[in-house]
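As a starting point, one isolated chain is supplied in structure tokens, in the form predicted on its own.
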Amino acid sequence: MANDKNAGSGKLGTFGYNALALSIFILLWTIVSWISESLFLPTPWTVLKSFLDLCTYGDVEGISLGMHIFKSTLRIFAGFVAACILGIPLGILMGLYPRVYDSTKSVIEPIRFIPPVAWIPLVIVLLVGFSRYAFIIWLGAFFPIFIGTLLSVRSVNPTHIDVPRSFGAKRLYIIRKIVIPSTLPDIFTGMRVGMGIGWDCIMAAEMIGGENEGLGVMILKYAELIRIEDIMVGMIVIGAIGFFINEIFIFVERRVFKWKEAIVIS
């Protein structure tokens, strides 16, 4: 009971600190916008009004903010799911067979260090429609998932493998019952990082998509019209959705992997 009370009070304190930090940020934003009106920095209340107008009336083409959010989220999850489908099995394979990775890293590693934005000219020429969005987001999400999975497989305690092997356990059984369960927390962490980077790529993806719907497209529309308050609405919505997606990952991770203790330095 005492632990539950401590946990509850800790969560309440964290919420309070975050509310205070957000309030201070809004206050500083308000002060700076009042002082530097010549820089066209809108106040938080102007941005809030723009947000409500976008929700009610839509953008300059009548497309609602909700539709922009839906389209961007759909593209994000398409690229993210593709990254998981390829990155996790490939990471497990190369973690179990290091020679495969060592023999191909001259191809994998240079590609890993090419930023997704650098692929835009090639993507414009080679891909069309939805595949453009998915490919750029996949590029951002794939390597954190792949590398996280690969390293987690390599870090499995050898004792956990040697003991069942000494009792005659088959390789497939060891992989299924020991290696994969041991690596799931790190794989999940890699997925969370991959989702974050994939979400960061939404602007680059929607710059080249050629459609009128999406948060990145909306920001570009208003950039051409120099409507900063509407640009900031798009930026804040992208940040807020990314924050909530990350919090969902953390929530699931804490519930599913309760046995994984966090290191806390007091």
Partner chain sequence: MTNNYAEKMKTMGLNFFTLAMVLVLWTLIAYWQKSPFFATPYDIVLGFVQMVTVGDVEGYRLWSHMLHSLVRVSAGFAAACLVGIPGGLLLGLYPKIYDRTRILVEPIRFISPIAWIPMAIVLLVGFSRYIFVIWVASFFPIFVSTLWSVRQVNAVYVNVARVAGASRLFIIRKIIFPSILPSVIGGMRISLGISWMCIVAAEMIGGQMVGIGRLILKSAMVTRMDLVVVGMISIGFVGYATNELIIFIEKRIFRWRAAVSIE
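Think of the rigid core as the biggest set of C-alphas that the two forms share within 1.5 Å after superposition. Just so it is clear, the model here is predicted, and its values are computed rather than measured. Positions refer to the first chain, counted from 1.
Same protein, other form: the form predicted together with its partner chain, not shown, and the subject of what follows.
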Practice item. Counting non-hydrogen atoms within 4.5 angstroms of its partner chain in the model of the complex, say which of Y57, W45, F70, F40 makes the cut. Key: F40
Review point. Are any of the heavy atoms in L65 no more than 4.5 Å from a heavy atom of its partner chain in the model of the complex?
Key: no
Point to revise | its partner chain contact in the model of the complex: F243, any heavy atom under 4.5 Å | key: yes
Check your understanding: With a 4.5 Å heavy atom cut-off, would you call L126 a contact of its partner chain in the model of the complex?
Key -> yes
Check your understanding: Would P89 count as touching its partner chain in the model of the complex under a 4.5 Å heavy atom rule?
Key -> no
Check your understanding: Which residues in 114-146 have a heavy atom within 4.5 Å of its partner chain in the model of the complex?
Key -> I114, P115, P116, V117, A118, W119, P121, L122, V125, L126
Review point. Does the C-alpha of I24 move 2 Å or more between this form and the one not shown once the rigid core is lined up?
Key: yes
